[in-house]
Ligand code: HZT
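Take a look at this single chain, the form predicted on its own, given in structure tokens.
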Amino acid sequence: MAAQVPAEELKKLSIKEGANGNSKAAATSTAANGNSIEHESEDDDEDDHGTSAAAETGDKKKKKRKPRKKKKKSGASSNATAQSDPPRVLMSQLFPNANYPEGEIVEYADENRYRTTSEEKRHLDNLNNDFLTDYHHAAEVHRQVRQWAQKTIKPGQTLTDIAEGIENSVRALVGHDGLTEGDALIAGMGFPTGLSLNHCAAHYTPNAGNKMVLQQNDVMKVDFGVHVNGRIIDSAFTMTFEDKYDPLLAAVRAATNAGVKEAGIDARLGEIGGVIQEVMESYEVELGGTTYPVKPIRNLNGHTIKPFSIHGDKSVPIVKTNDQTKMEEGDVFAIETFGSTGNGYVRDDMETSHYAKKSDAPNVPLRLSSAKSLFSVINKNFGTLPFCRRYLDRIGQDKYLLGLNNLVSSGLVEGYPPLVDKKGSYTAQFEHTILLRPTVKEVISRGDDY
């Protein structure tokens, strides 16, 4: 989920001039497993007439009762050893000893090389075992769900069906459907599924009644989060169905990988931004006979991730800046980059769908009873995890818009409107979550796909 740079911060950027002279700045539930409750067929009626007839004829043989037939279970088998399609097999069933796969392990270099073999650092890593188990659990859920999504998403599907397909799969794999109070806080969606099309770069998910359909010519950013005990995996990719967009996707994928490579303990954030910018600006894409330079979207950033909070206190720019802040041991970062054929700058537009309770929300009196009751619902079901209007609909809330808008205007809840570049342009995104462990850097969300 993208972090946006405040407008005033853009003025402080020390930025390289671009080609056009412009600045670049997750308790198991039956529903979640996809298994239906087994029902026996009705008992066969006693054949009273047959029994009477047998007695009258002196036939001493008893009539055999037909065996009861059981309905077959639907969904994933309780002893499955491979993932189903769609994903419905609990991750804890596939990895019964909680030995979830690690991500990409990268040894530290130069002055941090000692960490790889340091007994002290290895001991610190071992102390974080529960922390790592939760992250590995969430990361494997993300990998399996997104690989299914990449295989099944096709033009002609509605955005609502795509989003709900991803979200239902995540909830099934962690075993928490989020329908009972507090269940979504144990494990589930780290934030709503973003399905931003074309010039819209981030923060778009369909609200109720949305009938938008994915088209053959669309460029769709798929950005979703998975959490287990508040440990959030934030990872995104871009889907297209026309080869002409390949250079755009290649530019952003390469830029993200460059940022991931540069990230590490003591790395300076502004310098990482410079590397990302240089890589992305080395690409161009031809669309409709016109060649466009691929520009980094300078007011979108990567960011640290905190427990139950998708945006921490450090930002990773995707253009060169003078920010000398260092990455530190124990930091969890979402390294995400956005490329555009437009202005390389986004603004708020369209109907808001994403919201989150502010972690530093002020203690203000609420006069609207609808706002008070909704705030209680948000606290009990989402805490500071981002949510969307579809999630409120799903747990039975209705007629909540007035109260929700009041919570936003009171400063208790933050609204995240969709972020768009100029109309007619195309934007792409790739993102990974990295852990700066004491002994190694782990690209926790890395998979065979990207």
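These figures come from a predicted structure and were not determined experimentally. Throughout, we count residues from 1 along the sequence that is shown.
What comes next is about the form predicted in complex with the ligand, which does not appear here.
Asker: Select, from the options 258-266, 207-215, 191-199, 153-161, the stretch whose residues sit within 4.5 angstroms of the ligand in the model of the complex by heavy atom distance.
Answerer: Flagged stretch: 191-199.
Asker: Should the three residues H203, G302 and H311 be counted as contacting the ligand in the model of the complex, with contact defined as a heavy atom within 4.5 Å for each?
Answerer: Each of the three qualifies.
Asker: Please determine whether Y391 contacts the ligand in the model of the complex, using a 4.5 Å cut-off between heavy atoms.
Answerer: The answer is no: Y391 has no heavy atom within 4.5 Å of the ligand.
Asker: Taking the shortest heavy atom distance, is S315 within 4.5 Å of the ligand in the model of the complex?
Answerer: So S315 counts as contacting the ligand.
Asker: State yes or no: in the model of the complex, is some non-hydrogen atom of P386 no more than 4.5 angstroms from a non-hydrogen atom of the ligand?
Answerer: Heavy-atom contact with the ligand at 4.5 Å: present for P386.
Asker: Is E140 close to the ligand in the model of the complex, meaning a heavy atom pair under 4.5 Å apart or at it?
Answerer: No.
Asker: Quick one: from K121, K357, R88, H354, grab the residue that has a heavy atom within 4.5 Å of the ligand in the model of the complex.
Answerer: If I apply the 4.5 Å criterion carefully, the residue I get is H354.
Asker: Looking at the ligand in the model of the complex, which residues in 414-450 have at least one heavy atom within 4.5 Å of it?
Answerer: Going through 414-450 in order - heavy atoms within 4.5 Å of the ligand in the model of the complex - the hits are Y416, E431.
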